[in-house]
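Shown here is one chain on its own, the form predicted on its own, set out as structure tokens.
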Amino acid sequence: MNFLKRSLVDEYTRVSGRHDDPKVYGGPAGDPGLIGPGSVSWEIHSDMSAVGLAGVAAITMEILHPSVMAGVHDRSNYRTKPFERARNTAGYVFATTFGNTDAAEALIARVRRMHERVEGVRPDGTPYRAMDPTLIGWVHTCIPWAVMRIFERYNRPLDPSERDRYLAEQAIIGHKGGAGEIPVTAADLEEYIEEMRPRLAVNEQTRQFFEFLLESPLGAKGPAPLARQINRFDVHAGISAMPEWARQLTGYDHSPRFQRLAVEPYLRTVSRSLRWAFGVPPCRAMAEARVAAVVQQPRPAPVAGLA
């Protein structure tokens, strides 16, 4: 791998982690995992840029629900261990897509156990419980929603049947994670987002999270004032995949001109560069090898007198 490719891969994995554990992506010969080859999920999640660039939009949409934000504020380690949090989130997407069945099931069960311990009261006095199927459904849906939007914007358009297949495939993961009703078609998704819209808001906890993004070590390195401005641009670029009403709600909306002249060229360049640098990502390559492996059958013992 040449220097430029290695630099791009190293910078991506600095934030999102390496996803090449043989215990997760190797495993029993012929095991397709929870979704399997030939799926739309395998194609979309093989685009490391789609998963990576969707992160800010997905997380921001999640925390616009005050109950989700309260749980993140009260129990998450995002302030003290931001890299761990980012890597775990990306790892969940890759492992549930490309991991062997046992590894994917075990990860989902582990996350469920963590959520079962998270409950509390929002600043407005409303109680929340992380395992509320409605909240699990919202958090789950924000990820494929954002990833699909980024993939279509910077890789290729999906036809209607592909969008529906992708959402149905991802719903398998959501339901295993404890979600209630979640969209399984593109039409359902649009209705679902609109139904959730009145429940979304920005409060002081949300503003603290945005402030963290501006100061986060996940972003630019260098003198604080410069790093903060670069991080601010990255936030604007990240949330550009969100609907206009959601961007306005965050306070990080920007003009169509800024989107056209600054954000779009930046995101297209990053997307193309990451696809070029990674090619087939290790998690998919290992999953393909696992699925293609031939199960070795025990050889029959020789029959006496015929050996």
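Residue numbers run from 1 along the displayed sequence. Note that the structure is predicted; figures quoted are calculated from it, not measured.
Missing here is the form predicted in complex with protoporphyrin IX containing FE; even so, the following discussion is about that form.
The contact with protoporphyrin IX containing FE in the predicted bound form, taken as any heavy atom within 4.5 Å, belongs to R110 out of R79, R110, R156, R197. Think of it this way: in the predicted bound form, protoporphyrin IX containing FE has a heavy atom of just one of M148, A103, A171, V139 within 4.5 Å, and the residue is V139.
Using a 4.5 angstroms heavy atom cutoff to protoporphyrin IX containing FE in the predicted bound form, all of S67, T89 and I143 count as contacting. Protoporphyrin IX containing FE is not shown here, but in the predicted bound form it comes within 4.5 Å of a heavy atom of R117. In the predicted bound form, at least one heavy atom of E84 sits within 4.5 Å of a heavy atom of protoporphyrin IX containing FE. In the predicted bound form, protoporphyrin IX containing FE lies within 4.5 Å of some heavy atom of G71. Although the partner is absent here, A95 lies well away from protoporphyrin IX containing FE in the predicted bound form, with no heavy atom inside 4.5 Å.
Contact with protoporphyrin IX containing FE in the predicted bound form, defined as any heavy atom within 4.5 Å, is confined among 231-239, 71-79, 183-191, 200-208 to 71-79.
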